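The form predicted on its own is given below as one chain in structure tokens.
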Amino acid sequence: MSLLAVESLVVAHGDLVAVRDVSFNIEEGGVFVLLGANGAGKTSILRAISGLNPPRSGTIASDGRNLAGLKPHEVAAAGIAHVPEGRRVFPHLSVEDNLTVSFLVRRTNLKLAQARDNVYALFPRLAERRRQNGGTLSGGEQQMLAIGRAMMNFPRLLMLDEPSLGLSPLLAETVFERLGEISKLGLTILLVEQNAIALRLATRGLILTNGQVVLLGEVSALQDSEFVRHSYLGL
């Protein structure tokens, strides 16, 4: 049984159909990358999974449980965390308070302090900035905080929407390194990106164009495809 199974998903915003008949499965463990250019429908898929934008048709299930109709907080309680595009930290709250308000008491057996310490171990920079307001952090630090908030509840599936957006190549590399460490902890990651560097981190994935799946499979096969070599790697 798949950790996440998406079948024949159609997502629309009014009369505009953003996602057309998209299907994929994510097994437990590893990193699944959803790669596509800006406007390809990537964000719409994540918002449908997390309950923010109910699909027009199709099914979304986790461990066989239908997620359709669940509210975002119910999806989060089921172990699916969504790190949205643009970070969206609470600017007037400290780093520590940003982490604290994200903690779901019933989601994990960890105590609040233990959960925070786990995040600080993963992102030492956040420990250094724990008393600093989120809005005063650099872009890279805010991205670390956004990921750290999701990690407070040790989700089974961590979904990230373009975590490299707006970051320098060096900072983007640092963020991807941390995601690799998170994957080694046993968490499953669904990574949405338009940066081809994400393929180095992933095990499986799909390529999305104009809301439709172009390629789906093992990352080694995606990297060898003429479409990816031409469109993303410049080869």
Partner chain sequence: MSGLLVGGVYGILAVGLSLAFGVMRIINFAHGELVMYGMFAGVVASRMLGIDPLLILPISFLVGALIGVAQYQIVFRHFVGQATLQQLLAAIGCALVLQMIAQLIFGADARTATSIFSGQYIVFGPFFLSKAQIVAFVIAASTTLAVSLLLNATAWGKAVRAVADDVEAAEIVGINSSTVNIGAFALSAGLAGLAGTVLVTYFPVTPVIGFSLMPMIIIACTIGGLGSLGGTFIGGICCGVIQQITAMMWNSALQDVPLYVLLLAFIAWRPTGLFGSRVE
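Owing to the predicted nature of the structure, the values given are computational and were not obtained by experimental measurement. Positions refer to the first chain, counted from 1.
Note that the form predicted in complex with its partner chain isn't included here; everything after this is about it.
Trainee: 50 to 58, 26 to 34, 206 to 214, 164 to 172: which one contacts its partner chain in the predicted bound form at 4.5 Å, heavy atom to heavy atom?
Mentor: That would be stretch 50 to 58.
Trainee: Between its partner chain and Val101, Val105 and Arg149, in the predicted bound form, does every residue show a non-hydrogen atom at 4.5 Å or closer?
Mentor: Yes, because Val101, Val105 and Arg149 each have a heavy atom that approaches its partner chain to within 4.5 Å in the predicted bound form.
Trainee: Taking its partner chain as it sits in the predicted bound form, is Phe90 in contact with it (heavy atom to heavy atom, 4.5 Å or less)?
Mentor: The answer is yes: Phe90 has a heavy atom within 4.5 Å of its partner chain.
Trainee: Decide whether Asp97 counts as a contact residue for its partner chain in the predicted bound form under a heavy atom distance cut-off of 4.5 Å.
Mentor: Close contact exists here: in the predicted bound form, Asp97 approaches its partner chain to within 4.5 Å, heavy atoms only.
Trainee: Just to confirm, His73 within 4.5 Å of its partner chain in the predicted bound form by heavy atoms?
Mentor: Yes, His73 is a contact residue.
Trainee: Would you please decide whether His82 lies within 4.5 angstroms of its partner chain in the predicted bound form, comparing each non-hydrogen atom pair?
Mentor: The answer is yes: His82 has a heavy atom within 4.5 Å of its partner chain.
Trainee: Taking its partner chain in the predicted bound form, which residues along 120 to 157 bring a heavy atom to within 4.5 Å of it?
Mentor: Asn133, Arg149, Asn153, in sequence order.
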